[in-house]
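Shown below, as structure tokens, is a lone chain in the form predicted alone; questions about how it binds or moves come after it.
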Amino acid sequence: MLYEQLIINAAVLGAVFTLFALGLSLTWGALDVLNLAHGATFVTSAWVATSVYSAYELPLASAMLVGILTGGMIGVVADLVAFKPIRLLITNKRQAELSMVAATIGMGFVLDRIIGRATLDQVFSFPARAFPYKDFHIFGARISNIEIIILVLTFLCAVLLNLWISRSRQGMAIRAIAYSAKIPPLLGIHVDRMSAATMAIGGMLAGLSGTLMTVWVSGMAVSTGHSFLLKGFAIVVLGGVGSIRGCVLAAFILAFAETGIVAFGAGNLRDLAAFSLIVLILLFRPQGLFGTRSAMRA
């Protein structure tokens, strides 16, 4: 296999990893919520998108929008049903965080079982007619139109999210919440509203990545969400919790490591070698590539 083709394959995989991990990093960095239902949101959104497409023959772009909105709604429901009551009832911050993690585990299990029963735990996908694939050749390597779309959308999402967090009033509010949950209300910041918005954006990123992944690899299964959740967790830790730049870099490091290992015939060692690389980096920089040692992360 040409090295150029390996680079393209790794870049596209890194882009999908990035979209998935950005949502996880955003909620963890801003709200101190390690959302372990993120993988289930990823799969559920993709399943809803494929189901809507099959039922109503919508254009693929519209079906993808359905997947994105599904992810956002799951995030908002999680915040309203679980996280907001926990914030109100449990005043101890550490206990509240643990309770939220437990809530996301339960929510993820429920979503997994719903999709598992609906699909009989089989792979689901868009119909072959949904997206006409077209290949392009660059320096002897092949790249498809869906891969170009994935790369462009990932770049746009990462840039827009970074600008929103760093320069908008809402982004400043989220960074204030990440620094302290007590100070923002004194500044007129509606914590519950911003929390729901953050969860919605995180869910929308999961929905977008899940839908694109389903188109790219021609299928999705419930177990895919579990695999991506583990990798997303590793990416966020490696890049630095709440760091968008770190998340992007870590996602591509993991993708290139996995692709290279598979290409050289050691596919069964893919996860072992990739996560060993992450452990090695964290030994020298425990806070992650772009993380800080202070409490302010977003």
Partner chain sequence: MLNFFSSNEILLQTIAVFSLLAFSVQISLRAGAFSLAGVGCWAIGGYSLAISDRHDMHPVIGVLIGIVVSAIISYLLALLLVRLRGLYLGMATIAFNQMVGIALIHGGDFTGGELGIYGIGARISTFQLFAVLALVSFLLWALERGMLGRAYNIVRDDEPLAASLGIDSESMRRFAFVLSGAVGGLAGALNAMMLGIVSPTDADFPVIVIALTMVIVGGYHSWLGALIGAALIQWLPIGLQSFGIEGMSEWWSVVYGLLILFIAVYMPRGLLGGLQRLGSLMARRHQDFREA
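Quick caveat: nothing in here was measured; it's all calculated off a predicted structure. Residue numbers count along the first chain shown, from 1.
From this point on, the text means the form predicted in complex with the partner chain, which you will not see here.
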Answer range among 90-98, 191-199, 67-75, 154-162 for contact with the partner chain, defined in the predicted complex as heavy atoms within 4.5 Å: 90-98
Touches the partner chain in the predicted complex: residue 246 (any heavy atom, 4.5 Å): no
is_contact(residue 81, the partner chain) in the predicted complex, heavy atom dist at most 4.5 Å: yes
Residue 252, heavy atom within 4.5 angstroms of the partner chain in the predicted complex: no
is_contact(residue 148, the partner chain) in the predicted complex, heavy atom dist at most 4.5 Å: no
All of 22, 58 and 212 within 4.5 Å of the partner chain in the predicted complex, heavy atom check: no
Contacts with the partner chain in the predicted complex, stretch 46-63 (heavy atom within 4.5 Å): none
